[in-house]
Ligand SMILES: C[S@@+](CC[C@H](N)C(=O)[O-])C[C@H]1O[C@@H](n2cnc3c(N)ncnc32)[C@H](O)[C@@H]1O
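Just the one chain here, the form predicted alone, laid out as structure tokens.
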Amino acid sequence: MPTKRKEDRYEPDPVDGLPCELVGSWVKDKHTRLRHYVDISRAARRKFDGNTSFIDLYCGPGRAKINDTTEYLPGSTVAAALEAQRNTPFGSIHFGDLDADNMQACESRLARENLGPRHSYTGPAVETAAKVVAGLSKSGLHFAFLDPYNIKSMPFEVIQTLASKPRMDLLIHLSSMDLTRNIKQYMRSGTLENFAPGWRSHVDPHARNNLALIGLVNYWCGLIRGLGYEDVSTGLELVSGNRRQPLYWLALASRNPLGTRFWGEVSNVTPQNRLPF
């Protein structure tokens, strides 16, 4: 799948002149679930008396525009922070992006809304995750939203690093479209070694694309379970586009059954939008 040029993915926001990301309408579904999870977990945050954090390693510029419309919406970091601010704010917000312009734009938008305390980072998610974790309390309650463009940008090491904190919930965007289109190429290029280490012992590289995809995602979910999380695959929700084409899965990883129950209430998972594991 060809990667869009940076100039094709952003345009200046008419409100503040900062970069605004151009996105599909399906982003609204993703952010609705993100905000709902932040809201429904407010009582859990309250018990930690400010020792909580929100983490977004792929923050983007903090504002988005739906393609071919005039509809604007907050980016993921801003949306989550605004939702938390309504009742139980996060004790700290950690956000980063590979692109320094994105990070700075997101910082400006968070500052405008007086959302914080804030900690910003520029660089690959692997490096940012290590910096974030180094500053987090081991006894705190933490929530990370992982929303990369493709699986190349999310090595499993990112998840492992964040999971080193005992109370770290992860909401992960996994691109079905990216994997469906590129799985065989990723197998040949070695990309899957970073995304799902050890996959070759569990997935037949000669299988049909759909069977290889199911095997790979099932194995990836198993790797997350191996970090002490509840079974991720049971709540893996598929979000489709306007023409019912599969776009991405959202997976919630939590070590606490309460987090898994929250996600069940947020996602309304049905057999029609889950993988047939």
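Note that this is a predicted model, so its numbers are computed, not measured. In case it trips you up, residue 1 is the first one in the sequence shown, and so on.
One more form of this protein, predicted in complex with the named molecule, exists but is not displayed; see below.
Name the stretch, out of 131-139, 197-205, 182-190, 93-101, where some heavy atom lies within 4.5 Å of the named molecule in the predicted bound form.
Contact-bearing stretch, as computed: 93-101.
Quick one: is I55 in contact with the named molecule in the predicted bound form, heavy atoms, 4.5 Å cut-off?
Looking in the predicted bound form, residue contacts with the named molecule do not include I55, since no heavy atom lies within 4.5 Å.
Does the named molecule get within 4.5 angstroms of any non-hydrogen atom of D169 in the predicted bound form?
Result no; D169 lies far from the named molecule in the predicted bound form.
Flag F145 as yes or no: does it have a non-hydrogen atom within 4.5 angstroms of any non-hydrogen atom of the named molecule in the predicted bound form?
It does: once the named molecule is placed as it appears in the predicted bound form, F145 has a heavy atom within 4.5 Å of it.
H31: heavy atom within 4.5 Å of the named molecule in the predicted bound form?
So H31 counts as contacting the named molecule.
Enumerate the residues of 102-127 that have a non-hydrogen atom within 4.5 Å of the named molecule in the predicted bound form, in sequence order, or give none.
Going through 102-127 in order - heavy atoms within 4.5 Å of the named molecule in the predicted bound form - the hits are N102, G123, P124, A125.
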